[in-house]
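The data below hold one chain only, encoded as structure tokens and taken in the form predicted on its own.
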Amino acid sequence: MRFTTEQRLDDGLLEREFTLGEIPGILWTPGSASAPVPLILLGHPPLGLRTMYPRLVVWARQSAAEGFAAATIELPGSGDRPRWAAAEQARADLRRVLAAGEPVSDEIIDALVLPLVDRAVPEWQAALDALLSLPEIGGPVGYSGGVISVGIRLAVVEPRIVAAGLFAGSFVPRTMFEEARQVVIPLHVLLQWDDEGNDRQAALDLFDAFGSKEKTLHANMGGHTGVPRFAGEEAAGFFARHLR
């Protein structure tokens, strides 16, 4: 890990951009931290860190208010990372069927999501190795948001993650339902009831499949981008309970 920029935001939050090999990322740490702090990994859709930055920094500020560090990395084939032909084709196929008003097939969902999960999860684990080696980061670790299938895989294979907040707003391959049954950590799942790009019943079935004894579903009226402000506050409370 190599830090490339450093700035102190107006509320004292320390923001540092880094590279992990060729993977860009950002780490935010509370300005008042006097001892190693817990960490929340901030997932996001494959739209690029620059596009997602305004939303990510809001989540980072919420984390810092609870005394937690937050970090994120660029997803494979996204942002300034090299283009990924298969991912580009899968996205084009998805846009085509959505524009035509056709149902999204399992084949398109698998091509869109599964290769991303296979590539992204080891990168998140490598980033976690590097972040936990920093003296200011002490754990425990949570995972928040992003592509829900990435969160599922991380919750299954990464024992250092002790709680996860997931957003039921992306397509989920059928094979991920089997992995969901292996998830046992506490979960906070957010569902927008009228999400135009999400199969509500599939999201409910996925929640039912999670093997966690402690799992909470927060469903709010509204579309994909209509998440109410208080939903973020409830997610912050969830992490406060499990990371302190």
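When you see a residue number, it is the position in the sequence shown, counting from 1. Small disclaimer: the values here were computed from a predicted structure and weren't measured.
Not on display, but discussed next: the form predicted in complex with another copy of the chain.
### Task
Go through 57 to 65, 201 to 209, 174 to 182, 40 to 48 and give me the stretch that gets within 4.5 Å of another copy of the chain in the predicted complex, heavy atoms only.
Among the listed stretches, the partner-contacting one is 201 to 209.
### Message
Taking any heavy atom pair closer than or equal to 4.5 Å as contact, tell me whether R241 reaches another copy of the chain in the predicted complex.
### Response
Yes.
### Query
Within a 4.5 Å heavy atom cut-off, is E15 in contact with another copy of the chain in the predicted complex?
The answer is no: E15 has no heavy atom within 4.5 Å of another copy of the chain.
### Query
Should T19 be counted as a contact of another copy of the chain in the predicted complex, where contact means heavy atoms within 4.5 Å?
Looking in the predicted complex, residue contacts with another copy of the chain do not include T19, since no heavy atom lies within 4.5 Å.
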